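Given as structure tokens, the chain that follows is alone and in the form predicted alone.
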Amino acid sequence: MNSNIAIVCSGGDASGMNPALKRFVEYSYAKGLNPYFVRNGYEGLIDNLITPATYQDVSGIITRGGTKIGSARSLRFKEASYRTIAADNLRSHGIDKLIVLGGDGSFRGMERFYHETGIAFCGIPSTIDNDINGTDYCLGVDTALGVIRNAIDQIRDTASSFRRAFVIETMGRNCGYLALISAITSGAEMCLIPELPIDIHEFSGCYRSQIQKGRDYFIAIVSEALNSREVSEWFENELGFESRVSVLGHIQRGGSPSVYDRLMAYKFVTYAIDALLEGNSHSVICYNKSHFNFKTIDEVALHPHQLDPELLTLAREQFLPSHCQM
């Protein structure tokens, strides 16, 4: 008798989830497994929104952002009584293996769920913030960076047509990865992230010198953890530059998945299913230095995420006031 396996998306959506669902169905069948979808995240586990998945369910979804099966943040799943209901629902479908697309909070919940119920799981890091400890890459990041790149390039057209400073706010919670990579690759003049405290007043002399030498607009990329409005006001009050704030918001989560995110989705899911079949019962599949590896939930969730030191070195060389080109 074939074993039953399910997949669930938890927390914020990320482009790459739909390619992961497609690979999940196809590879499950290839491995003699019966695939199931859990709709609407952990809420769906509790509400028994668990259905068999077919080839038809994933036909054509590889080009779509978001997740076809929905996602959610579940407060109920934090309570033991609701986790018991979720386990009973899975057992009623004969499901003893679960793949979780989500972040460290989702993985912590699933770790507790595993120890209470014995239902095996494998986590796949999936968040555009790229803020999960233990992995260099999370599903959805490349697509989000592409969306941000397009937005910055278009805003630059307007910035260069007027004598203006544009402050562009990216997502990322308390992680500056999206802001930093976008600033470096878009040629921004300023980048402000939590990991690199900067007093913007120290830029005054340098920027005035640049203005005298012909600079007639500025692009500043700011992480959402900081205050974009204050930066905009500084450009106006300190440099006399008319300034605008563009908060990119949730457009960063959507969009057709990039080639890289589609490829990573296929690889993540393949490793996850193979791991569960090999008896790896409660781990997270991570990606480090171009290799996949498995880590325990403690390694992932109990340590703060830190930006790559090489990226921080680039940031210091490019964006610290002391390195500002006069």
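Not measured: the values here are computed from a predicted model. Residues carry their position along the shown sequence, with the first being 1.
There is another form of this protein, the form predicted together with a small molecule, and it is not shown here; the text below is about that form.
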In contact with the small molecule in the predicted bound form (heavy atoms, 4.5 Å), from 95-103, 248-256, 145-153, 206-214, is stretch 95-103
So in the predicted bound form, does Arg112 come within 4.5 Å of the small molecule, heavy atom to heavy atom? yes
Is Pro19 near the small molecule? Define near as a heavy atom within 4.5 Å, in the predicted bound form. no
4.5 angstroms heavy atom contact with the small molecule in the predicted bound form for Ser74: yes
Answer for Arg164 alone: is it within 4.5 Å of the small molecule in the predicted bound form, judged on heavy atom distances? no
Identify, from the list Lys78, Arg229, His201, Arg91, the residue with a heavy atom within 4.5 Å of the small molecule in the predicted bound form. Lys78
